[in-house]
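In the form predicted on its own, a lone chain appears below as structure tokens.
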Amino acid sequence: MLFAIASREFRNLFLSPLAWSIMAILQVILAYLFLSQVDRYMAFQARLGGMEGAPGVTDFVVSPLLQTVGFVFLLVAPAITMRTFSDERRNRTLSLLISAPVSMSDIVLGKFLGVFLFFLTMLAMIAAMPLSLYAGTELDTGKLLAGLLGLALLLTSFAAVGVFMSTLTEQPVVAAISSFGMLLLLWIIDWSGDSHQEMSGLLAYLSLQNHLGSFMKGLFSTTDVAYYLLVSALFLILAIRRLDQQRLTG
């Protein structure tokens, strides 16, 4: 049943004009940035060739693109996840869904997987840009794969936060704004510059951006992986509890 719900959610997203519009706009913007970085690299290539330890095409083109992708997804993810449960609540089908002989875990995880698969589809389309460079040059494959893995883990957090926020309201716009606010808070939470070292360390650990940075450098850390999985699990558990409460109150 979980996979049936995930398949239905994934299919519904592809039937949404909003999702298609976001995909198209995202591809155009990122393609422009990608080609701009390639042009800059070509302009500086002769100068870089004479420098010791000069950045290669992966550092000059691919890494900035992937870093931009993370922030752009922060902006667009709430618009994709906002209808996950809000539409069910607004169309009065949520009560039918939660009264069905299906566990709350299956419902929430199914919705989450559908959204996450849609995000992965978008990420795969974006990944085709740097992969196209293999036709004419060498890339640091390890750094590229680490960056894509980091983005995939980041998207699990985005999907989980969006799904939870969508369980709180029947207004998709409210869900989108709430999701964006929560994700932005987790993105910039370490910007406060607190003077206490312990507090600064905690805020740095809670930052979505800090953990992504390691992957962009080509580093794989189980701490970073665990962080994204814990954030995703936390918000999915909150979503399950929210639906359980809805079921009990009728």
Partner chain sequence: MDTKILIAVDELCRYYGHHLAVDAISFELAQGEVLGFLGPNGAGKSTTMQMISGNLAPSGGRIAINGIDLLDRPRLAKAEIGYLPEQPPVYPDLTVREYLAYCARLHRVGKTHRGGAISRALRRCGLHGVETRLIGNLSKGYQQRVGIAQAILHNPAVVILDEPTVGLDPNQIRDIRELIRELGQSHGIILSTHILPEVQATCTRVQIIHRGRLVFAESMQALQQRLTGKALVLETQSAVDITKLQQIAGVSAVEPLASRRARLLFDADNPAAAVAACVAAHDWGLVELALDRQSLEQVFVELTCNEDGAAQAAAA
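Numbering follows the first chain given and starts at 1. All of these numbers come straight from a predicted model, not from anything done at the bench.
Another form exists, predicted in complex with the partner chain; not displayed. Remarks below refer to it.
Remark: of stretches 86-94, 73-81, 146-154, 172-180, the one touching the partner chain in the model of the complex is 86-94 (heavy atom within 4.5 Å). Contact between residue 141 and the partner chain in the model of the complex is not found at the 4.5 Å heavy atom cutoff. Although the partner is absent from this view, residue 103 contacts the partner chain in the model of the complex, with a non-hydrogen atom inside 4.5 angstroms. Within 4.5 Å of any heavy atom of the partner chain in the model of the complex lies no heavy atom of residue 133. Taking non-hydrogen atoms only, residue 99 approaches the partner chain to within 4.5 angstroms in the model of the complex. With the partner omitted from this view, the residue of 233, 226, 15, 24 that lies near the partner chain in the model of the complex is 15 [heavy atom within 4.5 Å].
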